[in-house]
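Given as structure tokens, the chain that follows is alone and in the form predicted on its own.
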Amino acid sequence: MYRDKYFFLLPGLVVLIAIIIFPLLFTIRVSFSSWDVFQPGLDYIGGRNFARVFEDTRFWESLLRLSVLSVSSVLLQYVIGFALALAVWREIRFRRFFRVLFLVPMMTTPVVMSVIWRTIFHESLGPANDILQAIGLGTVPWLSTGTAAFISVLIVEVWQWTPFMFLLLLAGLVSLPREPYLAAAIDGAGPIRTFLQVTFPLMAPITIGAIIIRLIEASKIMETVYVMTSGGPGTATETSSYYIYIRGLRDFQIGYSAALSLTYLVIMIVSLTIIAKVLARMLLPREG
């Protein structure tokens, strides 16, 4: 009877092995092979692929670009999402309507949303430049210059995933206890002081969780870059995920792309762990 509980865990364990552990172990094995378009197979070549990774400046540039894009987009999502959550948290008219409206971008498939935004940013036919011309600001080469293309991808990321941040933060606000707010009202605290001394500290655990979740997802950005810019112009919007895709599924350098993937995975795990600890030290109250 005591051992029967392990049989209930078996299906979940099989799924875990099938979709996570086996692919990870196979990727590790492939990363030590010379598998490419000319040498298909798992011929062992030691750490040559990893040595090549550390010499690949294009990969490290794409990783830096991804870091800037993911951190800046998540920070914007947090600020805008928190503002929207605070706006509908209070009793306002049409509150339920606005809650649903703010979630619409997140409900759209990323590829579809990217196609729509690529059309909006079209230099001659897109409405973005039409609006800028109408107010006398001229046109912007949204997708044909490096800085503008990077900003375009950033705008789409913020538009698409701010609703997710809004949803997490709104759930946190709804779950906050009422007693601290009653005490703040008795002390005569205004809205700004109440937010800084009550709401924000109470929301610290939710804030950390929301930011880490979004950083994990933002670090895997692929669809937006693929559809809108294909990493261009040049490599101005090329992220690590897209570069690994190019090496693995375009150039068919399977062994090398596996080494890139594992290096990227380790860097992300270490970076996100450090960020989580820094956020916890900054936002969570210290014991004693």
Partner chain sequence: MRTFYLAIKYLALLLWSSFIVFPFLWALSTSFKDANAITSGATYIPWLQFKPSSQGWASLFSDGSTGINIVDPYINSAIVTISASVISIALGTLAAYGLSRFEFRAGFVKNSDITFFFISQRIMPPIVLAIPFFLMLKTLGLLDTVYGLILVYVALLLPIAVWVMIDFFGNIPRELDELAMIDGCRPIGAFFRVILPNSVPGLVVAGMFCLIFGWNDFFFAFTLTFTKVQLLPVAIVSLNSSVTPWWSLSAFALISVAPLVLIAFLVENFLSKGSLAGAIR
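Only a predicted model underlies this, so the values are computations on that prediction, with no experimental measurement involved. Positions refer to the first chain, counted from 1.
Same protein, other form: the form predicted together with its partner chain, not shown, and the subject of what follows.
Of the heavy atoms in Arg178, none are within 4.5 Å of its partner chain in the model of the complex. At a distance threshold of 4.5 angstroms between non-hydrogen atoms, Ser72 is out of contact with its partner chain in the model of the complex.
For Arg29, no non-hydrogen atom is located within 4.5 Å of its partner chain in the model of the complex, even though that partner is not displayed. Put simply, Thr108 is close to its partner chain in the model of the complex: some heavy atom of it is within 4.5 Å. Each of Trp35, Leu103 and Ile216 comes within 4.5 Å of its partner chain in the model of the complex, counting any heavy atom. In the model of the complex, its partner chain lies within 4.5 angstroms of at least one heavy atom of each of the following residues of 48-85: Ile80, Leu84, in sequence order.
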